[in-house]
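Below sits a lone chain in structure tokens, taken as the form predicted alone.
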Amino acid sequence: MQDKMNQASLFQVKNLTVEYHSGDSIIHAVSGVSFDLQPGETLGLVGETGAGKTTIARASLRILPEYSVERVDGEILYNGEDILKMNDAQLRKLRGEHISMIFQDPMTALNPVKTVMSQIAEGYKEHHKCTQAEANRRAIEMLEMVGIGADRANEYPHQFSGGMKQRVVIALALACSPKVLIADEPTTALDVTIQAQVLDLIKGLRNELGTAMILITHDLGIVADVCDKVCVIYAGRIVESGTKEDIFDHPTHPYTQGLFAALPDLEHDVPRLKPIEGLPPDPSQERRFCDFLDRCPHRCRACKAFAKDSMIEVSPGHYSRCWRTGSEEA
């Protein structure tokens, strides 16, 4: 799959591997992840908690916790330049101006002792070398763009509700009109009404600014509403990838099928939902076989003979990490 990536892609991740150390153990958080992103395109990273989605996002901006990272390998390319090889000055220019991130928890993403206007203006002033007055005007403009009036610009984060804080974080991320936006579960802990408003806001800004986006979520409804392409992540690997239509209409990996089977169906009355049995594998243990083997309802002896690093092309651009995908027997 990696060889077939468009070399003109705006953003590419190639064979990314991230390991942490915890005591005497090595945690295999991300293993051999590859995907690409075109201008204006939205890619959804979907999977259970602990699958490695946020690690992929933080690696893309080189903001992984240095005290616990054991190894980072692979390539993360922005306009052909490897982010993993950039120096500090290059990274400072990249973050915010070219690639921004909406962090999962707005409560911890904002500085509690600075006004929301000053936090947005700070980054804009740093990247554009403008006056403080110009930076403040841009900050107010961004707050108004996300539906917060100028009269609230000098207020502090604790004076805003959870949904309003999330809007401030979005304004902060988009202040410099980045080419790539990474949104790490931007609607977590928000009620459904605010979720819909935040998603509409993100889609509107994406269309207005032409920003490419990586959306991290475990909510398939959000993926259906926002994304163009999808990568399903399990135990630090992509187990299935393709367009939104490929994944929703023709899921082929047993894990992807299990995710859809666990969703409530309003057209059928069932006594219980069908969960995926078992737990994800221990990330500190090297796995010789398929990561999903112990939980898979279709497991058999042939699964142990299938190379776990192999991806089978189901249809053009649609890949699955399961031997049954290309098997007539299956």
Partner chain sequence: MVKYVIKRLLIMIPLLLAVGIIMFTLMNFVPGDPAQLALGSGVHTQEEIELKREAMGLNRPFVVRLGEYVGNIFLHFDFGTSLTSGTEIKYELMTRFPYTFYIAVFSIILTIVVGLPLGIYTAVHANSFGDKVSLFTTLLFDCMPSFWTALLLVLLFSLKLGWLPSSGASGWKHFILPVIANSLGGLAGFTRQVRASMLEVIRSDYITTARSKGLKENTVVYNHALPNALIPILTVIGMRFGSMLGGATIVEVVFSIPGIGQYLVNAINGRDYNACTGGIIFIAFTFSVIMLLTDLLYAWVDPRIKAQYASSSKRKKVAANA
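Values in this document were obtained by computation on a predicted structure and should not be read as measured data. Positions refer to the first chain, counted from 1.
Absent from the display: the form predicted together with its partner chain. The rest refers to it.
Should K114 be classed as touching its partner chain in the predicted complex when contacts are defined as heavy atoms within 4.5 Å?
Yes, K114 sits close enough to its partner chain in the predicted complex that at least one of its heavy atoms falls within 4.5 Å.
Given that its partner chain is not shown alongside this chain, does R95 nevertheless sit within 4.5 Å of it in the predicted complex, heavy atom to heavy atom?
Flag for R95 set to yes.
Does at least one non-hydrogen atom of Y156 fall within 4.5 angstroms of its partner chain in the predicted complex?
Heavy-atom contact with its partner chain at 4.5 Å: present for Y156.
Check whether R295 has any heavy atom within 4.5 Å of a heavy atom of its partner chain in the predicted complex, and answer yes or no.
Residue-level check for R295: no, no contact with its partner chain.
Counting any heavy atom within 4.5 Å as contact, can you tell me which stretch out of 211 to 219, 145 to 153, 192 to 200, 95 to 103 lines its partner chain in the predicted complex?
Correct option: 95 to 103.
Between the options L205, M164, L110, M86, which residue brings a heavy atom to within 4.5 Å of its partner chain in the predicted complex?
Flagged contact: L110.
Could you work out which of Q257, T243, Q119, T188 is the residue within 4.5 angstroms of its partner chain in the predicted complex, going by heavy atoms?
Residue within 4.5 Å of the partner: Q119.
In sequence order, which positions of 45 to 67 have a non-hydrogen atom within 4.5 Å of its partner chain in the predicted complex?
Contacts from 45 to 67: R58, L61, I63, Y67.
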